[in-house]
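Take a look at this single chain, the form predicted alone, given in structure tokens.
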Amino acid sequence: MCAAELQRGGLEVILVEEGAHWTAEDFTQREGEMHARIDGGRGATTTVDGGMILSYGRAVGGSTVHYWVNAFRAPAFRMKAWREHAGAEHWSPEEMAPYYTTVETNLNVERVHDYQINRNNQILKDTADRVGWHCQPVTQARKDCLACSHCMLGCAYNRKQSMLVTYVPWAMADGARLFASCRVEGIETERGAAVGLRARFLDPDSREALGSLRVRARKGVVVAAGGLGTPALLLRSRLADESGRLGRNLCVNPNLAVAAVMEEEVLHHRNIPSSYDVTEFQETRRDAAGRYLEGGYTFFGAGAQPGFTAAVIPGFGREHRRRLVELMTHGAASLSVIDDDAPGPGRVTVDADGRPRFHYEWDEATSAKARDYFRKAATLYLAAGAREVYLPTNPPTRIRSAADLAQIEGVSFAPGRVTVIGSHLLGTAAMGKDPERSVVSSDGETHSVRNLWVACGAALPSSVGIDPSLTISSHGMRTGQRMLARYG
């Protein structure tokens, strides 16, 4: 987003991307191959305690290559918190509306079409309506979608409007240059300003180092490596951490799955994964004394291919295989987006060799929201007529009636006891007005290093509480425009 703005505005832009430049012809729809190609950790990155899988992109186009293209504006209550608590001055629905509108138009963001709604999502919507919970159709960035169901593996038909097929080629058409399979090792500064970077070319398959690259950038450097990569790069470069906040405040929107065995055939892996979102419990509700009551999450219909489904189902051997076949044929499933309390409970560090390490403290506030999601989702599927509801615990928790919901109170979220994925990785170079409490300004420039900008989700002050892609894109566009205002 930022690169396209800058190049169109008359600056000379070079894009340096650690991941390879895979295109539609490379997207084989085979899970093992594609996770190895486009996922940042080949699908196997975890926090240091092994308690959470972290999913993020490493390819030209980043995480937009393998996400589900759900596209929402940040809620007004979240923007209000960013303004009041972080001093993020421009974050209001009115000021951000032009950026959101432009991105929505350019990425063809529209309500999901009827032909894209599979049985899994229809069960979620019909049952939510029946029990009186607000459930809305998802808005997504697709154009003439073929509903092939392989959204997480890269779109082999270029119908998903990822950065790979939109803003990156648009920037290059205007003259931007792209160096892919090229990992930035450090950012160079002179007299307190960013002036360039050092990078190393990598073999896209073996990751073996092949050669080096140095870029001199008179106008500055923009970092857009996501909630994990941006702080890791800045920490390796020993830059922008005068506040001591760099790498802290990691938010991940924990994703937990609830699956139900229905009497009818469901085939949740057919068609697009997600088309309805239950938003009834989006805001956290507390009593007069501030004690948690319910909410603090959304959840949506979730379809997945067999390999991914097998990976998140606890267990081994014949019983695991039986449950997988059962859930692939008759399983209905949903996935949570739990809103991390601010400040985010996670952290990114680097070791002595500069390798990133990811930490996440699963606190009681997060546990309370996760248990409430388990209760609400299980209640919904029982109301839908499920024979059995599975929670992703180890060993599996099975719920066959309302009486079994009491088991949820005893669920442990210790590492290895529940399968949880973090995919909305935000907040680790958070913006704010106070240089002692934040890393970048509201415009995206780091407080302590001139001409060093952060244009990705790392700059957001906290979790968005829903899919953040549209908000990240709008922030990137605004950052580019603020840079043009500075440099002319």
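In this text, residue numbers run from 1 along the sequence as written. Not measured: the values here are computed from a predicted model.
This protein has a second form, the form predicted in complex with a small molecule, left out of what is shown; the following refers to that one.
Contact check at 4.5 Å (heavy atoms) against the small molecule in the predicted bound form: none of Ala128, Ser336 and Arg375 pass. The small molecule in the predicted bound form comes within 4.5 Å of no heavy atom belonging to Ser463. By the criterion of a heavy atom within 4.5 Å, Arg58 is counted among the residues contacting the small molecule in the predicted bound form.
Using a 4.5 angstroms limit between non-hydrogen atoms, Ser438 is distant from the small molecule in the predicted bound form. In the predicted bound form, the small molecule lies within 4.5 Å of some heavy atom of Cys456. Checked against the small molecule in the predicted bound form, the candidates His90, His359, His330, Arg236 yield a single residue with a heavy atom inside 4.5 Å, and that residue is Arg236. Of the candidate stretches 379-387, 241-249, 177-185, 120-128, only 177-185 has residues with heavy atoms within 4.5 Å of the small molecule in the predicted bound form.
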